[in-house]
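Here's a solo chain for you in structure tokens, the form predicted alone.
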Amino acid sequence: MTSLDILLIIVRVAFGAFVPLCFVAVCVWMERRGAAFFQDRSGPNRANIMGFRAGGLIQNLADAVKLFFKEDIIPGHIKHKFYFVLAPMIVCVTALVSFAVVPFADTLVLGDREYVMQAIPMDIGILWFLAIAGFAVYGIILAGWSSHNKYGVLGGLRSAAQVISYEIPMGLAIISLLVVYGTVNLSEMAQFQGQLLFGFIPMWGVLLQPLGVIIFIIAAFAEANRTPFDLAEGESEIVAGYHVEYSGMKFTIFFMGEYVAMFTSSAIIVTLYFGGYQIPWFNTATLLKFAVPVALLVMAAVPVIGKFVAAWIRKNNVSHYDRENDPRVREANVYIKIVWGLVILVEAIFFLYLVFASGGAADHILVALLQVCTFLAKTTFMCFVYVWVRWTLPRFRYDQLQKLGWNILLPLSLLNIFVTSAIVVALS
């Protein structure tokens, strides 16, 4: 094993471990700013460090410090303290590990060596996700049971019933996809979506399985315990459900697990139905063939994007009333300088690539970086959809949740399998 092999293994594992954790801060910020936008209010804009608010991100840092130093209490009536402490770890770790098989770029070819761009290269991809994601419910059940609290037990029971109800339609929706893709390997699924239907339509799963994507996304919302499927922690009925007795860092780990699960399920949805890392009409072979024109196009686009970002910062960093020497305007000017500094840095990197490194291994690395950026952009947008739904739809009643799973999604998922199989057999 060469030093390059070791380096790429470290990069892949680091991406699989740290990107979901970093996205916790992004998702929390998106949740708060999104809620404020939908409710027509400002959102977090007070916490700052030396006058810098970072658009509300400093509030995340303030909350992290608060929760870290908050007293961590284990109530005296709890008998099984080991399981009480273990439960939030199961929820967070399973959400993190389930992301390990998601491909974030196509196979990287350097010389005569190929490197699969997944934290844990596995051929069983989607089966791994189903197994690990389903295991997360044990953490919730364990938390409710070990709390020795009636609300906690009810939350755990609700979560167990919810997972049973929605795991089945999710699995059946995936079966329809397997009929189309002919593989359980997530990398091969993403590569399949790089093809064109009729020569001009990207063969994304959302076009090949329009009913399946709706079923899968609804089931994914239920699996992640996100509104309107957060019956396991319904504040109006069971206070906080399975984590009613948790405080301090143990509550924080539950909180982190929810957002890691949201990011992971968004990544899976993108990989299965929205092309994964594929750029529409530009699969890996096309990008490699036209690497230099693509680099020039990116160089032309980056300053335009920087201009729009700078305009957005300038517009949203102004006090709501007239202030002499407005400190938010001064803050915005610093951010704008940072944006243009990043634009210059990116332009310099692409210039050096075009002058000294175009062709060969540099092209493959450039394509991999573009695909990683595409994958993260799609996943971020899907995370926003989670936020959008949460602050748009009210929580279902428990009977409505069960009726949706058993009476609507299950028959539709079975019908989808029959229709998909018939079409595939007819076309083959």
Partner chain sequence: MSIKVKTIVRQGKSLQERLYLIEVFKGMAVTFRHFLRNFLDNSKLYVRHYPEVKPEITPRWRGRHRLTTHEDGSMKCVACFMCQTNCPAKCIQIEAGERTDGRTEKVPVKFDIDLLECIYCGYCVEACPKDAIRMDTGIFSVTGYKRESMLMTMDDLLATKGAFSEEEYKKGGA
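Numbering follows the first chain given and starts at 1. Keep in mind that what you see is a predicted model, and the values were worked out from it rather than measured.
Here the subject shifts to the form predicted together with the partner chain, a form of this protein not shown in this document.
Q: Check F37, K315 and L393: does every one of them have a heavy atom within 4.5 Å of the partner chain in the predicted complex?
A: Yes, the whole trio is in contact, each within 4.5 Å by some heavy atom.
Q: Would A54 count as touching the partner chain in the predicted complex under a 4.5 Å heavy atom rule?
A: Answer no; every heavy atom of A54 is more than 4.5 Å from the partner chain in the predicted complex.
Q: Look up in the predicted complex whether A362 has a non-hydrogen atom within 4.5 angstroms of the partner chain, and give yes or no.
A: Residue-level check for A362: no, no contact with the partner chain.
Q: Within a 4.5 Å heavy atom cut-off, is Y321 in contact with the partner chain in the predicted complex?
A: Contact with the partner chain, yes.
Q: Can you check whether W388 is within 4.5 Å of the partner chain in the predicted complex, heavy atom basis?
A: Output for W388 is yes: heavy atoms within 4.5 Å of the partner chain.
Q: Among the candidate residues I214, V180, L342, L110, which is the single one with a non-hydrogen atom no more than 4.5 Å from the partner chain in the predicted complex?
A: Spelling it out, the residue with a heavy atom inside the cut-off is I214.
Q: Out of the stretches listed (247 to 255, 110 to 118, 307 to 315, 334 to 342), which one is close to the partner chain in the predicted complex, meaning heavy atoms within 4.5 Å?
A: The contacting stretch here is 307 to 315.
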